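Single chain ahead, by itself, as structure tokens, in the form predicted alone.
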């Protein structure tokens, strides 16, 4: 549905994008993350035909963004970081204007009613956009991106300014839309990506530095597995019991555990599953287990490791 091949974008001597390549399948939700200035907004502007790449190719739904921009715009709904709203219009007038601009004709009433309900705008229809709260402005912006029932949605910070209940509602809406639409979701809220995205693209300094599921990104930034265990045992007895476990490369003790309790992080080759071996030791030693679980990098830690170098143009 979306294809980018070796896309570059230069602003004078500044290289905002450097040979960016990725594809997005129909019905897929992609979380697009990166530090400020990494190139997220530039990439989305190229996909939506708001700006042209310096080199490389980009297409949406089989339409080239340079050769056939009108057809690209027809099938895309775009929520940019800053939507050009008309403050003197009522919300109802603005959505009517957008519907007419999109040539909805006989479908207008159906789509108008749908976006009002989906975006929770019933109470704002008779208000001027200029007096809306940030949350209602954001919902109005989302409504304009959805009103023509696009095949592709490009959403730049769609939950910005919303309260927690509204954020949950928009997340659920995005999930529901994914059954029939292709979605690129750019956000700084990493848990939001984990909650809704099928796959994560990480961009840094104009280059794609990560592309995959959460687990695949973790495997890219760490070569070790880790298990944490806390048991009632003497430290010497614990060391004797675990010293010959297969694949152990290192261990570190938790200094915060109470007297008589050993807490330990055991680092191992991910190919060696030490959990079964630890379970046997627990049974043989009759340890009282207080805590025992696999450890994994958080999304935030993975993001930091993938984007250690900062820079670029947003």
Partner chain sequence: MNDTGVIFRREFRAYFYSPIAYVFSVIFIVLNSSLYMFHFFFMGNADMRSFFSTLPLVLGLVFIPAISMRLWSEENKLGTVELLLTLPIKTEHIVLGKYLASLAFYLVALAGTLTIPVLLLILGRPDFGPILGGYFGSVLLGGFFLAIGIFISSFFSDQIVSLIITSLVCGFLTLIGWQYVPMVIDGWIPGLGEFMYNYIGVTRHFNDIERGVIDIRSVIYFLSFTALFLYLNAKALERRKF
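Positions refer to the first chain, counted from 1. The structure presented is a predicted model; accordingly, all values stated were derived computationally and were not measured.
Although it is not shown, the form predicted in complex with the partner chain is what the next lines describe.
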Evaluate residue 234 for contact with the partner chain in the model of the complex, applying a 4.5 angstroms cut-off between non-hydrogen atoms, and reply yes or no.
no
Check residue 112 for me: does it contact the partner chain in the model of the complex (non-hydrogen atoms, 4.5 angstroms)?
no
Residue-level question: is residue 49 within 4.5 Å of the partner chain in the model of the complex, judged on heavy atoms?
yes
Is the gap between residue 169 and the partner chain in the model of the complex 4.5 Å or less for some heavy atom pair?
no
Find the only residue in 117, 88, 216, 244 having a heavy atom within 4.5 Å of the partner chain in the model of the complex.
88
178-186, 97-105, 195-203, 159-167: which one contacts the partner chain in the model of the complex at 4.5 Å, heavy atom to heavy atom?
97-105
In sequence order, which positions of 167-186 have a non-hydrogen atom within 4.5 Å of the partner chain in the model of the complex?
none
